[in-house]
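Take a look at this one chain, the form predicted alone, written out in structure tokens.
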């Protein structure tokens, strides 16, 4: 269902700001069911009694009509949408269900302004790339020139976002700590980035974190501008970089694609102006606009508790104008802005769309990714914040952020078209790419499968964050997550499906697509132990002196040997001892000596993972 939209009239745009809820003032009693021009309009489940009052039809007539259709109802029974529609048609009414968003759920409000009220806003840009490829150097190159222009003496950054003026137009840069923060903000519904600059070193080429960055940018729907860095050093090969990017569906303009690229040296400040010109050109193509004449809405970029000033937050204004005297609700907290400043610590009276500001005056420390909205009075802000806090408290468990195969099954059975994202990790790059192609070929008219990331290596925290933020499944082929990653996946409600045979992985997806997911035997990991010392005895074989890192290791249980996250052997525990005594099991935090049946090629640092097969409930 589409989000509700507010359409202000042209003459509704006074010099002062309009409320984002000016068509439904705070405190006015909301009508949830009414007749408007022969159309019954409702916004929440209603009872037989409520429908009777709204359409002016006696309750007995409604009950009788439903009884003749084989449905027995009472006066207070809640009606479903299909029944409401049937009754409306029976009594000569059209019907329409609409979603009404009140100020309590302001993050769900979609505002559609009159085009004449919109003004051009600066683009919001994030720089991403592999470690040591020059991200920080590029940011510093842009920032230092900006500080020199803006403030004598070069005052250091006060907030993690800043603006650069190029040819009289501003560009807003967000200095994100890394892909994890980027993913977590998107997982919270905060898509703040308009453009992603993907920086790739001309000597290294495309690296694992480069591929991660591509996945994050695509999942966020943000256009990419490729900055090929370090063109001034020996061994630089920009053409190789461009060809490698093609393998990851980043097709540059010179190869017939739509992705802009620029060759730069961040260290020597070569090509920086050209890169900024490209950002402005892309922003012009995107036609980024906002209405400054309304109360501000936006997102928290970062927040902390300052010893001297209390809760401090960096806010990105995305629509409207934030005034230094406004009351704001951020997440479940509120406050009156006591001071608002920019990156130079200069105090501001107002901040328009795409402007990052640091504010103090909130009642608590918000979280990065929290949405905020400004309100004209303290009473309104406090009331809304308290209701939001109460709703959060009443939620016993956060809804799952990621797709599950059961969800897929239910949606397909309901006849809905499903877009499903996947993250694929495998022991070799060849296997990863083969799985990517095979999974995407399974797409049909009901299910569209998109592989956001397919690469070699163990399943990591960043994979879980990408899956959570992108509503994706993780498939592992011949690789395993460690205990920490499993815990992260459980916290983020991300499903990890592990396989050693390609056709079994594909069959699992096919069965889900056919609506055939069944309860079956599933793997339960009992624990992991790290090999720390090796002892070789001629009659016994290799004994692994090990430390149980999580769970427990049980004598005779099934185990797999993992080396750098890749499975090298699967078998069973041959013997298990604590000191000189045989042991049935050894728990987390204890040392043990063990052998693996028919396997002596153990190495220090190997992870021995015990597991059992149990029936899924």
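Keep in mind that what you see is a predicted model, and the values were worked out from it rather than measured. Residue numbers count along the first chain shown, from 1.
What comes next is about the form predicted together with a small molecule, which is not displayed.
J.: Quick check for you: of 165 to 173, 338 to 346, 262 to 270, 305 to 313, which stretch puts a non-hydrogen atom within 4.5 Å of the small molecule in the predicted complex?
T.: Partner-contacting stretch among the options: 262 to 270.
J.: Which listed residue (486, 130, 436, 497) meets the criterion of a heavy atom within 4.5 Å of the small molecule in the predicted complex?
T.: For this set of options, the contacting one is 130.
J.: Of these, 137, 83, 191, 323, which has a heavy atom no more than 4.5 Å from the small molecule in the predicted complex?
T.: Contact residue from the list: 137.
J.: Residue 230 versus the small molecule, in the predicted complex: is there a non-hydrogen atom within 4.5 Å?
T.: Looking in the predicted complex, residue contacts with the small molecule include residue 230, since a heavy atom lies within 4.5 Å.
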